[in-house]
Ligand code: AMP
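Taking the form predicted on its own, here's one chain by itself in structure tokens.
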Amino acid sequence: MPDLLDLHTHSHHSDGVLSPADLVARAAARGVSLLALTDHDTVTGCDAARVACAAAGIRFVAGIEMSTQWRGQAIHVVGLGIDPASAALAAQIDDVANRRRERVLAIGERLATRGRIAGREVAAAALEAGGVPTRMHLARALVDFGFADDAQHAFDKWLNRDRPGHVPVVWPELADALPRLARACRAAVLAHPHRYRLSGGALRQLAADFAAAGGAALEVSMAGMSPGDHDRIASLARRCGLEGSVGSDFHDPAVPWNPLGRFAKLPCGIVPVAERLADA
């Protein structure tokens, strides 16, 4: 049986629901042998995940999923094999954390003034939930307060574009953030490129800019990716001379379509970015 690896997962230190230890236990039960924890804009769960992986006999890779923007669109970059002592990375984490907190508070104000609900209380609950505050924390708080049936309903009714609580956010520019992250990790990976709302030409330009700024790989194989997207992103990686990464983007065991370690194999001709992590 081939080794299972998963280089994109989340814990409750960002918008996942499991603790790092519970995430690792689930990965061990799935037979995962190499696991990266890549919480949004934080590394606070990595120490606990490392300890749990050592106990479970799983190789661990410390990671992060950084928020950036390119041409006004939010773009996520996974850093694998990060150096937690990097001052540049710490400064970027602090900057993004401040932007996240300010956005949650601004959404709370809009929910109160435009949605005419207890938005400030919802925002306070989201901030008190722990971990890096995200819109998912707000969605869960909206459900807890009885303003939505489930998280997707909360996004559709309150948080998405043209809804009462929508607040755009300005992340650090990719051209500025990526070189700092690349210097602080073994490999910077463009996360879920098939999900961005970009034309084919714009996506090719994004991949080229990503490679030029120090990016190493694209997420070529992910849980839930269609065969067409799989082939399209593999071709883009070959075109730009980028390696391939794999990951579930796991957040919640209640979501059935992205279990840990399950996705298509990397196609022929794509160099696995995991080879950079052999001694991580």
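Remember, predicted model here, so these are calculated numbers, not experimental data. We number the residues from 1 along the sequence you see.
FYI, the form predicted together with adenosine monophosphate (AMP) isn't displayed, but the following is about it.
Contact with adenosine monophosphate (AMP) in the predicted complex holds for none of S199, L218 and R232, as no heavy atom of theirs lies within 4.5 Å.
Within 4.5 Å of any heavy atom of adenosine monophosphate (AMP) in the predicted complex lies no heavy atom of T113.
For the chain shown alone, F145 is not a contact residue for adenosine monophosphate (AMP) in the predicted complex, no non-hydrogen atom being within 4.5 angstroms. Among residues of the shown chain, Q152 is one whose heavy atoms approach adenosine monophosphate (AMP) to within 4.5 Å in the predicted complex.
Adenosine monophosphate (AMP) is not drawn, but in the predicted complex it has no heavy atom within 4.5 Å of R50. Residues with any non-hydrogen atom within 4.5 angstroms of adenosine monophosphate (AMP) in the predicted complex fall in just one of 201-209, 80-88, 96-104, 120-128: 96-104. In sequence order, T134, R135, M136 are the residues of 117-151 having a heavy atom within 4.5 Å of adenosine monophosphate (AMP) in the predicted complex; the partner itself is omitted from this view.
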